[in-house]
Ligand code: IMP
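As structure tokens, one chain now follows by itself in the form predicted alone.
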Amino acid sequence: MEKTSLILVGAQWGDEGKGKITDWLSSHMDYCVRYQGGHNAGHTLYIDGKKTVLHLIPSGIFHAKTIAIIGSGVVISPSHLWKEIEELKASGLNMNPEKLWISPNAPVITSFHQQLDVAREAKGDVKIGTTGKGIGPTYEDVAARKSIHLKDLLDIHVLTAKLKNIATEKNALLQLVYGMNPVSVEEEAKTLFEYGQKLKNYLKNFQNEFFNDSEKNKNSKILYEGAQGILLDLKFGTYPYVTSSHTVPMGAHFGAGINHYESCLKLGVLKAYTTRVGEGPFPTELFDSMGETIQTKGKEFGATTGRKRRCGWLDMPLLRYAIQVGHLDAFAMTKVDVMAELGDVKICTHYEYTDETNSHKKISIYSNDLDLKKVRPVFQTLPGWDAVVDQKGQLTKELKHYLDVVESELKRPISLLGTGVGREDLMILKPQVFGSLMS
């Protein structure tokens, strides 16, 4: 089937450099849709040498012909969203409502949610590694059918009533369980209503644009931009050390409300190594100077929180699992430049595992009933590369060999290569993967 749209997802634990890939591909798209997560995500872009970090605004916003859309699967902090809009306006970007559409049904992060998130992480027995932005508690209210949506911010009476509906329980938790001050319904309603007035012109039931216009629905090129990564998916990730939304490609159409799944190219983004921020098992983690070198060279610090990212070698069992649950067609690999001049490099080809009967097993693909704390990674050592390209502008033979081995292990093509931080630092290795999407 001809691929008419594209879903771009992280194939690891997030932080793979998706923003730059989204920005670059969006120049060929009509729409760029963010479909899940919240402002706990941070997509860093370098355009003409200028650094921009986006948290809620889709990374396709910088292209004049591309409409940026925030879907109903995204949980929104109105204050942070408005701040982001204002900062992009100040930089000279067109942020008019015809350029940015926001679903009226996107759930709202309130002060209740944010304070509960911080309190739970601080005092809970199990540390998940949450950013404390209120993401999880907001998704909880969606499941409990108590969610406040952006459209509710336009009517002070509806908004106040909905806030009262959640206030009794949440203030009791804040005061009695966590020893924190309660949130005032009246002050919260006033603040949120003010942001509703600022944001109201951006709210658009864009699903009608597609469902009621068969030509637009059929012919539009849409890039669905995911946050975090497949291994952080609420259901399919390394639970409980996961995020609170569905990061797999299937989540794109739940969170966007536009259904092109069968005709979408599923492109996974991976680093040339592996990183993880926050808590959770990490089989290939490096605890030596090599890990510190990769962390320093790769500037592996969270765009949202500044937290250090743990670094390790590339993990084939986890990536094979990402292919399986994400139905991934191809990959884009980033940060091969970070791996230059490191000497020999390694990839984990499989795990060794001893079960409760003391039987030794070879594990080639992760499954989410496997305890990653109990596996032993088995590595293949490969020659490293001193540079990404040679004097003729071709990939160095060592890097080419590394890519060939990874492709052979995963049985998927690496179609794009990220060789630096800038928009221009991308190489198309297999244009045939994209077909007419790039025309």
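Numbering starts at 1 and runs along the sequence shown. Quantities reported herein were computed from a predicted structural model and do not represent experimental measurements.
What comes next is about the form predicted together with the ligand, which does not appear here.
- Residue in contact with the ligand in the predicted complex (any heavy atom within 4.5 Å), chosen from T138, T334, T131, T284: T131.
- This chain is displayed alone, yet in the predicted complex one of Q115, Q228, S72, S77 has a heavy atom within 4.5 Å of the ligand; that residue is Q228.
- Residues placing heavy atoms within 4.5 Å of the ligand in the predicted complex fall in a single listed stretch, namely 33-41, out of 391-399, 367-375, 33-41, 56-64.
- The ligand is not drawn, but in the predicted complex it has no heavy atom within 4.5 Å of A252.
- The closest heavy atom approach of V242 to the ligand in the predicted complex falls within 4.5 Å.
- At a distance threshold of 4.5 angstroms between non-hydrogen atoms, R307 is in contact with the ligand in the predicted complex.
- Interface membership of E279, defined by any non-hydrogen atom within 4.5 Å of the ligand in the predicted complex, is confirmed.
- If you take 2-33 and check each residue for a heavy atom within 4.5 Å of the ligand in the predicted complex, you get W13, G14, D15, in sequence order.
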